[in-house]
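This document opens with one chain alone, in structure tokens, the form predicted alone.
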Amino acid sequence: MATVSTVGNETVHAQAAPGAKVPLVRPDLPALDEVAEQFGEILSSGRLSNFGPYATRFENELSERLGAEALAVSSCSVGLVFALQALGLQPGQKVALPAFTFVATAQAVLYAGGVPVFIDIDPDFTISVDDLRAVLAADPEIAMVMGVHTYGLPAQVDAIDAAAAEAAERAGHPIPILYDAAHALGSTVGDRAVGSFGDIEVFSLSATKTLVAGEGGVIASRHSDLIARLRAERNYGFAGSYDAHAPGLNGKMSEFHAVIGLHNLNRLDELMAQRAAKAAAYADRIVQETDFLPPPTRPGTAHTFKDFTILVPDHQRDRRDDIVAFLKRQGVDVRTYFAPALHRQGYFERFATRPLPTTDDLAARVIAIPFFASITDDEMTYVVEQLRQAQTNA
């Protein structure tokens, strides 16, 4: 039987599902003897949380790597809500974000009191700057932009900066930029790490991510005033002692999660190198041996490939679900991230006010196939062979 657990909002298969040969993900976790001493120290001290030494060290090392101050929190979803509040989102204000993203992106906007305005995407799965610019010009009530580094490919950060700046000049007030960077810890644009863009970026550390802490998130910003607000928000809004001066919740990271995060942070360059090499080999096999389209990349960026998402060719779009069913029968664990897109989901369709043609096109064709740093050559070979067979046998 598979070992199945729910981590954050995603189901993680530590082994393949019953009968499966290749799992969707195999989390990068330390062996017990690699963290036993630290775990024993935590249990002996009784300092399980409350900004302990391991969480503090984790934040410090991340800050150095990201080129921005990092705060550890209990989850990416909580971090997104905190970020929206720290940026001053008021009840009823509009936030522009892509509809092609995980549900937590838009849920955070609603929990923070905002109203999502869905933007189309480009063929690389990230937010369309052209569509964003058009929507910002047409709707002066949009107060904030929320980009997504989809699957770990950084959004077009410079162009988004320019679009928001143009809109801010028209509006006569700043339009903050927040990035849902859940998939992107380890990604870079040129020589800058994701985490240093926009006003705030928020990462996930759940078991499906490149840097795993078991659970948790990280908020990063280069703005000291925002960091001060975020520190208060993740600790009930306390300014000191038990005196709340701001909205807040319990958003603390445990020391156990921080230890696992530190272990994997020390391996992040190695993990990114492994993922890059295997992603390139995987993509080459898919192109050479099948009709499926490999994940898009962009020159000058480092991609985590949190999800290795391929596209069914256009002429087979109506067969996507049959292909998925065939792959699962063959023991290949796959998902259709992100279908349906948010504007087609029951809870969010009330915000679907305009066509999103590229989003609809790609959502009908995506298949996330198994990928992780430890995937073997034999596992990739098997997946590609099943994809080849799925083209005609599904």
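Keep in mind it's a predicted model, so treat the numbers as computed, not measured. Residue positions are given as counts along the sequence shown, with the first one as 1.
The protein also exists as the form predicted together with a small molecule; that form is not presented, and the subsequent description refers to it.
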Check: Okay, which stretch from 185-193, 267-275, 308-316, 95-103 lines the small molecule in the predicted complex, with non-hydrogen atoms inside 4.5 Å?
Finding: 95-103
Check: Among the candidate residues Cys76, Met144, Val109, Val212, which is the single one with a non-hydrogen atom no more than 4.5 Å from the small molecule in the predicted complex?
Finding: Cys76
Check: Which of these residues, Asp120, Asp180, Glu233, Glu255, gets a heavy atom within 4.5 Å of the small molecule in the predicted complex?
Finding: Asp180
Checklist line | Contact check for Leu80, Ser204 and Gly216 against the small molecule in the predicted complex, heavy atom at 4.5 Å | finding: yes
